[in-house]
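Taking the form predicted alone, here's one chain by itself in structure tokens.
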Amino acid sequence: MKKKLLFMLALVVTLLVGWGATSTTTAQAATDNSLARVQKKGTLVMGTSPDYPPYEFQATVHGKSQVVGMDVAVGQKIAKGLGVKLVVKSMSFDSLLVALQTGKVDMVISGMNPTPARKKNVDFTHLYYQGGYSIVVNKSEKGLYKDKDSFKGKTIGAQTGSTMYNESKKQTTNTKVKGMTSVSDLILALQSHKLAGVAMEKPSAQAYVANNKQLAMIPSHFNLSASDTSAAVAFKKGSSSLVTAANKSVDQIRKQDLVNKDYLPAAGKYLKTNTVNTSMWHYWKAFLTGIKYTLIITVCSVFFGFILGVLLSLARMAQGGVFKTALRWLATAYVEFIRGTPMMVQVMFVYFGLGLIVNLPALTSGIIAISLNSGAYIAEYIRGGINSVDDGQTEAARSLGLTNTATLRYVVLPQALKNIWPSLGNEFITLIKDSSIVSIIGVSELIFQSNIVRSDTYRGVAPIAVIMVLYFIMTFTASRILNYFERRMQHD
């Protein structure tokens, strides 16, 4: 009797748990509007890191630089199946999943392996490609290495956040593993002998070796599971309807073997086109675009940063009353916090963190983040400039009947500006260089454009040399203009 009772109880519990799980799944499916949302807006935003040929890379098509490769072809196939237009958004590989989770992109296709750790945070489609891994070395040193176990006492590199980076750390002994966000940076480090080898997927290794006679490829012999050597499309967690719809296209790709028959051969043609003309002059439009965005970011950030700096400096100098005291403490806390955190973190927070509330474009996010950062420093410059004005100037102005506001506007601030002009000029020049940080969120400034050229041409040093010269020209010109106005102020 007891056994029957226990059996019936177990059966009831099982049915209740099963019903609860089914209800939860049904509720999630009912609230999932990912597919409807994408179809309503008419676009499918694909996040990718275009430095991994033949998966995704930059190529000049009809005089314009654009992202191409087999992953882009996969994205186009999925978008066509959904009846929407594909929009490709470029950023660093280790920012892709963050962008997906914060709604900056709808899906990620970047040769990404559907590992168990990643499956906890995002949803993956079926596999669309399965390959293997190799290690790229300098051709002159090919005889020294056979596989991953040959690098004892050496340093090998892999893309930060990739499966190869994690597995290289796990499966090598007495070998230092260095991670970089860009594969083109890894290849440059390899050619300059900062690294002994670079671990990457076999198709990408073949692409780099085929287009650079100074490189060679060796087998890796990593012990990897199927999920570690395969690629799938990532979607935001809970996007079951969108994943189901995308799987229809992915299944067609696998069934018809489109990757090997169409996508890889097409990517190979773009790779050959890239190496036809690798002169830096050929990419003058890319560098010009980088200069344009660099100056836009710098000028806007200085303008808004100056306004914010004035307000913060006045708030920090406010005296008397509970309200003014609270204002002073808030301004002080803001300045100390901004000055105590890296600008890169601030840029990522504005772009990804605020992206949970409002979807700001990358350029706007970059300008906001740098303006907020610059405002904190300018506030200190202005506060120091105001304190440097002799108290007798204020007393004289007040004796003439000027109000506090008029005294500050017509007497104190003009003299303070004259005193801090060199510091403000230095801030402007610094921002020209610091604007390069926004490249991590995909803004097309000089650093971002140089990475495009390096991916296009497989030349590591030449694009860096070009942007060094361009940065110097901009900073030197700005310095001369600022010095001119400084002399005018001193003369006045």
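The first residue of the sequence shown is number 1, and the count goes up from there. In this text, all values refer to a predicted model and were calculated from it rather than measured experimentally.
The following text describes the form predicted in complex with arginine, which does not appear among the structures shown.
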Open item on the list: My question is simply whether Asp456 lines the interface with arginine in the predicted complex - judged by any non-hydrogen atom within 4.5 Å.
Closed with: no
Task: Touches arginine in the predicted complex: Met112 (any heavy atom, 4.5 Å) - done: yes
Task: Contact of Val183 with arginine in the predicted complex (heavy atom, 4.5 Å) - done: yes
Task: Any non-hydrogen atom of Gln206 within 4.5 angstroms of arginine in the predicted complex - done: no
Task: Heavy atom distance at most 4.5 Å to arginine in the predicted complex, all of Asp51, Gln159 and Met164 - done: yes
Task: Which of 112-120, 278-286, 360-368, 324-332 sits within 4.5 Å of arginine in the predicted complex, heavy atom basis - done: 112-120
TODO: Would you mind picking the one in Tyr270, Phe93, Tyr263, Phe235 that has a heavy atom within 4.5 Å of arginine in the predicted complex?
DONE: Phe93
TODO: Give, in sequence order, every residue of 55-84 that has a heavy atom within 4.5 Å of arginine in the predicted complex, or say none if there are no such residues.
DONE: Glu56
